[in-house]
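One chain comes next, on its own, written as structure tokens: the form predicted on its own.
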Amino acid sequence: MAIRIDRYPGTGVKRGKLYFGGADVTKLAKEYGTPLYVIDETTLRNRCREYRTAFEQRYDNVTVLLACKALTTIAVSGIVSDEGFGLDVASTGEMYGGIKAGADTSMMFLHGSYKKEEELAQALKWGIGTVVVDSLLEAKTLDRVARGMKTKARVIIRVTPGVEAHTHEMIQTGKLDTKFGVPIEGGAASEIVGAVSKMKGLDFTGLHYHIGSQILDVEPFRVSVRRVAGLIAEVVEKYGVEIRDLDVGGGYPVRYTSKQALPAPDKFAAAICGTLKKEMKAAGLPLPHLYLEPGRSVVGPAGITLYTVGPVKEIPGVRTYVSVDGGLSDNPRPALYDAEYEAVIAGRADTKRGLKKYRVSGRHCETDTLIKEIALADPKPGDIMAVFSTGAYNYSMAGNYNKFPRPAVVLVNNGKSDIIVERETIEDLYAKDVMPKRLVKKV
């Protein structure tokens, strides 16, 4: 089946060639080399605006944060900050990148199931706006650090609503059996609210939850709001606390195949905002400031990856393999949780005749399957292959397996291109290696 290229934003075909962000991708590959990550600035900004519009028109007091784990570069953080987004950061490195991008630290939320003491201290020194507390131990540690620094840390508590979203097991984070947060079931979440609200070094303002990723159905979001709203009513009555903030996390999907249905941000906004208003009104409580943290759904569609085709091997009666010059080290997602992608031969992007099925494989010393089966237009060595929807969790998860340097990242905007992350060199790969003197061979 031919791929619906028109279902991927930022793409177009001219004289048979694939364009992305107004740029001929075959020329990008020639200029910058492959593998190559390409980010379309217009698509990225449009996705930011779609989320802000969808939620702001339904809720008076709302802030959208980008989940930086999906894609962290200084340029991307700068663009989304320019679009009015805050940043959801999960490490010292992500905090630092946001600061380098000029992002407002008061609009940063620090996440993580295990934040080290020095990391918490650094967050306070840098003026990070909110720490999302994940356990009682962490709350006690942060309280001690904040009091030692003669300050107060603004915190919200991550809870797990016990909702099993219909997505891959490895990206479900809101069910009862998870390392993240404190479960509502059994009363642990209520207890930690009571404890944290009494800590002198902490300014407790509300709750956070996140139920998973790539969720296509809105119902899990409704159920989660109801369960957390019940917890809010309970702790307000029990402890007399004020819930000023509610962070409903992310989980919104991106299109990985052109046949996949894709709910618009507006649909999720209607479900979340409508349910929250209804539940708070029923409980007689004021509406909290609403936060949400989309990641892949913002940056995913804004990216593609370019590869150069190598050997094409036919095994008669079995299948034909197409090898490309990247794979596991620049996109581990297919190996981690069977992630699906679509691709085209960029120089024959609109060809519908003579398509044959192939398996696309990377060049690492593993099975390294990028795409299990896809129809392609007669791929030949030297062709450029473009893989769609790779803006999220490709660059950010990239590594150096087999000592392959990580690809460059290019930003395109109306046909113009700029390097935003330089390609690693083989010298970079060994820059931190140290040979003990006793092992140095004498010449």
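If you're wondering where the values come from, they're calculated on a predicted model, not measured in any experiment. Note that residue numbering begins at 1 and tracks the sequence as displayed.
Another form exists, predicted together with a small molecule; not displayed. Remarks below refer to it.
In the predicted bound form, none of the heavy atoms of M385 sits within 4.5 Å of a heavy atom of the small molecule. Taking the partner from the other structure, the small molecule in the predicted bound form has a heavy atom within 4.5 Å of a heavy atom of E293. The closest heavy atom approach of Q214 to the small molecule in the predicted bound form falls within 4.5 Å.
Residue contact check for Y96: none of its heavy atoms lie within 4.5 Å of the small molecule in the predicted bound form. Between 332-340, 75-83, 143-151, 101-109, the stretch whose residues reach within 4.5 angstroms of the small molecule in the predicted bound form through a non-hydrogen atom is 332-340. Contact with the small molecule in the predicted bound form, judged by any heavy atom within 4.5 Å, is made by just one of F55, Y393, F404, Y37: Y393. Taken together, R158, Y252 and M397 are fully in contact with the small molecule in the predicted bound form: each brings a heavy atom within 4.5 Å.
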